[in-house]
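As structure tokens, one chain now follows by itself in the form predicted alone.
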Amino acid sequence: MVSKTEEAQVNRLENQVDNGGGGAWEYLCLVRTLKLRRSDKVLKHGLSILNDPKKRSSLGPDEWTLYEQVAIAAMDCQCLDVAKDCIKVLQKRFPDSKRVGKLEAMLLEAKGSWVEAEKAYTSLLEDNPLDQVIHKRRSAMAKAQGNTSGAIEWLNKYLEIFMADHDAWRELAEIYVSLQMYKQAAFCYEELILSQPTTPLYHLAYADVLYTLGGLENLQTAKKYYASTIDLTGGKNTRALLGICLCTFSIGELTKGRNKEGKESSDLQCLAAAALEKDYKQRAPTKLALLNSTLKSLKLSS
């Protein structure tokens, strides 16, 4: 994930370049290093360098890296003629390169030539079975065609090899959620929490899935993960605060006074409600009446 400092640096450079202050190459390098998806800007500023012979020659060997970067950005922006031109330059310079072959397969995919793209990716994987990008492209291609089951299958095969890929686990979880396969999504978020226990986003998403599943045990666990989200965000996550209130209310409805943690749960719910009211007063005062109505329905008076 990109830190706030890194994001601020990128935004500052982007603003500088957009306003003619120079630094296009530095901006492109930073975007590439941080693996950001700012394709329209990369395409615009990358072409401004590539179309200027003097600027292009000053890059030295990095010229080819820029051609690759611009080609990918052009495909993302559906400027396929630009992408094709960049790939042709790279083909001429590196005629037998598998890396250029990957770009050719991606161009076929961008054109919607699914069968040809699949053949190209299969051929590339025969030479390098551990190419992460190609494995991901196959999953993305299945998803683009509306073949959700195929995307799930490719992602699961990919994760059997690259189990530490957080982005892949998150993508798989989101697909499962979209299909209402909540138990499978919960497993994915458990994997993410195990590998990145201090990322509040995963705690929150896991709690949401468990709350959706319902049942006493799931609700109790969901409440714990909403609480951990609040702890990790310094008490500033509105969704988690509301989640605490909803879980506590639902648990109370299921147990009907048989909950041994009744007083503790009630205290936690009241604290969450108070924090919500304070947050709404500061950031969304016009919605405070709606919040109070919601809290009242959960048997919490403001």
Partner chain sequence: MGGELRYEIGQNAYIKLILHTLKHKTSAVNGVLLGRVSGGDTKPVVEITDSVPLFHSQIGLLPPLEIALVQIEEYYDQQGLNIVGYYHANERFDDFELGTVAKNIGDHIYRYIPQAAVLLLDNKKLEALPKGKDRSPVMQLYTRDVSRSWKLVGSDGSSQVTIKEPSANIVLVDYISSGKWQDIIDFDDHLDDISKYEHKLLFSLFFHHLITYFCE
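None of these values were measured; they are calculated from a predicted model. Numbering follows the first chain given and starts at 1.
Beyond what is shown, the protein has a form predicted together with the partner chain; the following relates to that form.
The stretch from 266-274, 48-56, 233-241, 24-32 that comes within 4.5 Å of the partner chain in the predicted bound form, counting heavy atoms only, is 233-241.
Between the options 156, 196, 145, 113, the residue in contact with the partner chain in the predicted bound form by a heavy atom within 4.5 angstroms is 145. Contact between residue 149 and the partner chain in the predicted bound form is not found at the 4.5 Å heavy atom cutoff. Put simply, residue 123 is far from the partner chain in the predicted bound form: not one heavy atom of it is within 4.5 Å. Of the heavy atoms in residue 72, none are within 4.5 Å of the partner chain in the predicted bound form. At a distance threshold of 4.5 angstroms between non-hydrogen atoms, residue 189 is in contact with the partner chain in the predicted bound form. Contact with the partner chain in the predicted bound form holds for all three of 37, 209 and 297, each having a heavy atom within 4.5 Å. Contacts with the partner chain in the predicted bound form, taken as any heavy atom within 4.5 Å, map to no residue of 56-93.
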